[in-house]
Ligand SMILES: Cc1cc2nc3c(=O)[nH]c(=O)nc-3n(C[C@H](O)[C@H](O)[C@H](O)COP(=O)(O)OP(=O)(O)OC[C@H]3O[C@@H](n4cnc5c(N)ncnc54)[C@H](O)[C@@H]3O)c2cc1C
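What follows is one chain in structure tokens, specifically the form predicted on its own.
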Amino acid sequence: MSKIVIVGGGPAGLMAAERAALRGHNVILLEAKPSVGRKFLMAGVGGLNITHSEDYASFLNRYHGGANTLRRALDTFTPSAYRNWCHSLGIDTFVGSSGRVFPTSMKASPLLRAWLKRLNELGVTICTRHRWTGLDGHTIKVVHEGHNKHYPYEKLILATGGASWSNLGSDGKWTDILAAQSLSLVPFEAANCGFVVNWSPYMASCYGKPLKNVELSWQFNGTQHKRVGELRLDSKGIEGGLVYFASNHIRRTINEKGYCDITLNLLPNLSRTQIEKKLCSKPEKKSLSAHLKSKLKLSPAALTLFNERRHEDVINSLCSLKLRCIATFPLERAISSVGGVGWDLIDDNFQILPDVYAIGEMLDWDAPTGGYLLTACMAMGYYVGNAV
């Protein structure tokens, strides 16, 4: 029976622990925080989106980075397999109207409790408040309540997270340890993040307010992309689910050009002809804003944005309102990060050093929100927990 040490008590580490324990190994999981699954519980605030139900080919296209290695892990733990795993813990799931998959309770805590009960029954030892500080041969060094401790291992699985949730344990401080092992890492950047747009003071009344049912258009590598959804106006720019979906392309364009121009259609359910027909009879004494509000039911936030960026062609302004994104929001505000361990450093089984494996968000990959991040972390844990 091999001794396997896992660093990190997020979904990737917990799944690796389960799979390794099921195969008869002696598993010790070390977590720096006072409890495991903290980011998992945070993801469940407002409803735990575990995965997505779209066809598998489309599902795979949501991922950036990782190439065949990440694909291999996802093939072993597909969204369907993920749902079956939840059911095996007594957690029923359902598909929402958007195609996202949720537990029927919508909460993360029942699933985490059932999962920890299983790990306990499998004999997994979980040690909290154990912060990883270094490697020495086949021994991992940690600090626990001010005391140095050492854990020998036969296999070591690192699942320490990215760098966008330092208060929950994903602080990226492990990069110094791996850099000391002569590994060249990719600098962290914000992913699933908001973007800076230079507003005038006129926009102040809309900060924090949503724009619902708008269409975002952007270009990447010569291809036009469009998606309808909701975003939120912020004092620094724009953020929210619709923006996060396009964030990989927007961020990479900014890195290349210094900016990324995007377009908003404030009325994607109406054609230009329909809009023109609705607006053709404006009373002489009625303001344009009042006319737009009464005829098109534009929200106050949409009206303010329209007035901020409008030009002489009213209909074109409504259907093709241009914004320039010039930077990402700070990393600490991002849902996830990109960067860390590059895929050129790992083999087909996620091994980065002899008998040392890396999984989860500490690797350099990206996917939008909607269950994609969580599914990939679980899949990598599943794959490596079996592989070791």
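These numbers come from a predicted model, not from an experiment. When you see a residue number, it is the position in the sequence shown, counting from 1.
Same protein, other form: the form predicted together with the ligand, not shown, and the subject of what follows.
Going by a heavy atom distance of 4.5 Å, is residue 210 a contact of the ligand in the model of the complex?
Output for residue 210 is no: heavy atoms all beyond 4.5 Å of the ligand.
Looking in the model of the complex, any heavy atom of residue 32 within 4.5 Å of the ligand?
Output for residue 32 is yes: heavy atoms within 4.5 Å of the ligand.
Taking the shortest heavy atom distance, is residue 335 within 4.5 Å of the ligand in the model of the complex?
Within the cut-off, so yes.
Answer for residue 12 alone: is it within 4.5 Å of the ligand in the model of the complex, judged on heavy atom distances?
Taking the distances in the model of the complex, the answer for residue 12 is yes, it comes within 4.5 Å of the ligand.
Looking at 349 to 357, 54 to 62, 23 to 31, 317 to 325, which one sits within 4.5 Å of the ligand in the model of the complex if you count heavy atoms only?
That would be stretch 23 to 31.
So which of 236, 232, 249, 130 gets a non-hydrogen atom within 4.5 Å of the ligand in the model of the complex?
The residue from 236, 232, 249, 130 that makes the contact is 130.
Need the contact residues for 358 to 388: heavy atom within 4.5 Å of the ligand in the model of the complex, sequence order, or none if there are none.
Heavy-atom contacts to the ligand in the model of the complex: 360, 361, 371, 372, 373, 374, 377.
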